[in-house]
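Shown below, as structure tokens, is a lone chain in the form predicted alone; questions about how it binds or moves come after it.
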Amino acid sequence: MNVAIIGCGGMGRLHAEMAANCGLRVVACADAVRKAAMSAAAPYRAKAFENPMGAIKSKEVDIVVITTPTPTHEKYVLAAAKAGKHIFCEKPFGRSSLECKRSIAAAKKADVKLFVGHVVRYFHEFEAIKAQIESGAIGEAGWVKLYRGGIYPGNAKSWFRDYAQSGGVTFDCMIHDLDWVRYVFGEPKRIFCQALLRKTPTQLDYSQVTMRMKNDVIATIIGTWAHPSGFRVKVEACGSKGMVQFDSSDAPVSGEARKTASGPTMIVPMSPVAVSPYQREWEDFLGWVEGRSVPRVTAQDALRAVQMAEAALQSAEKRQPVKL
């Protein structure tokens, strides 16, 4: 099958690499910055497009990969679905739950597969923690704490600095952990969030979520774009019989700097394993496309993660807990 990459920054290049690792052929790379499209296309001898719609409509393309800014996801999902292409969309699925619902409806109507890249579900460390919890190794789970933080992505003019587009660290980064907590512990009951909620672009963001699940587990999630360099992830899960924990600073997990189209770097967490978690999510997606398996993460899961992130931002604005 042939792949088109829409958005040729750090994540677009990463997904092109993973698709190629899975035996797919990258035939088109599209980016509004032509230099970025050409650079991404070169290793695969793919065609470079400045207009993403041209790549999406190309007859030789079977799968469209969307790694553009979050508010543009719906536009490209709808176009890809209309063109009859299967879709791999980076998280967050959309900037609003309404956008996500329209995307799901379009994919269903076109009878194409729509996958959203919640890659934390595929990280071996997180898999191991989930297995320990589900095996009863820590007894009855009562509290889980997650921390995810790194540099502020993008440059001074980056879309990440515009909270209307990115939602800040709460929406763009912590959505990974909101999704994983729901994946492990089930549906949330209510959420309370304290966040900076910057009104003007500033190279600093911090947010903390406290969430009670329907099974009464308490989750604390901290997200930060305030590190001077690097990237760090921490997890602690406590139960009636003990605790399981992971800290990336104590394990050989790295943060890989990748160039964006405009030049600055972003940090992509990597894992020192034979098969990358990013490749594993691609293998899961392809198993679904080829009718061999059901994916670990669904578009409905991605929609629910967006709803949780929306609730967190609503809580931070109101300074009150929000029911889910």
Partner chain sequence: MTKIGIMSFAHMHAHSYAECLNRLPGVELVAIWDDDAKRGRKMAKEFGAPFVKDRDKFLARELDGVIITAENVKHRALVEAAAAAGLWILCEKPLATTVKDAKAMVKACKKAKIGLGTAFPCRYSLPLMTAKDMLDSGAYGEVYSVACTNHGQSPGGWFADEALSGGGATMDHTVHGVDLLRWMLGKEFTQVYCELGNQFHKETMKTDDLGSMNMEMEGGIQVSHIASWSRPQSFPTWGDVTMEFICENGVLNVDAFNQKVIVYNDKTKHAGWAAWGDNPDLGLILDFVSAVRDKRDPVISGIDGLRATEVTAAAYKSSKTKKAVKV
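A quick note: this is a predicted structure, and the numbers were derived from the prediction, not measured. Positions refer to the first chain, counted from 1.
Heads up, the form predicted in complex with the partner chain isn't pictured, but that's what we're talking about next.
**Student:** Look at the stretches 122 to 130, 167 to 175, 230 to 238, 71 to 79 and give the one with heavy atoms within 4.5 Å of the partner chain in the model of the complex.
**Tutor:** Of the stretches listed, the one contacting the partner is 230 to 238.
**Student:** Between the options Trp159, Tyr206, Tyr183, Phe246, which residue brings a heavy atom to within 4.5 Å of the partner chain in the model of the complex?
**Tutor:** Residue within 4.5 Å of the partner: Tyr206.
**Student:** So in the model of the complex, is the partner chain close enough to Ser97 to count as touching (4.5 Å, heavy atoms)?
**Tutor:** No, Ser97 is distant from the partner.
**Student:** Whether Thr202 contacts the partner chain in the model of the complex should be assessed with a 4.5 Å heavy atom distance threshold; does it?
**Tutor:** Thr202 belongs to the contact set for the partner chain.
**Student:** Would you classify Thr220 as touching the partner chain in the model of the complex, given a 4.5 Å non-hydrogen atom cut-off?
**Tutor:** Yes, Thr220 is a contact residue.
**Student:** May I ask you to check whether Lys145 falls inside a 4.5 Å heavy atom distance of the partner chain in the model of the complex?
**Tutor:** Although the partner chain is absent here, Lys145 would touch it in the model of the complex, with heavy atoms inside 4.5 Å.
**Student:** Would the partner chain in the model of the complex be within 4.5 angstroms of a non-hydrogen atom of every residue among Asp250, Ser276 and Leu286?
**Tutor:** None of them does, since no heavy atom lies within 4.5 Å of the partner.
**Student:** Any residue of 305 to 324 with a heavy atom within 4.5 Å of the partner chain in the model of the complex counts; write them all down in order.
**Tutor:** Read in sequence order, the residues that approach the partner chain (within 4.5 Å, in the model of the complex) are Arg319, Gln320, Pro321.
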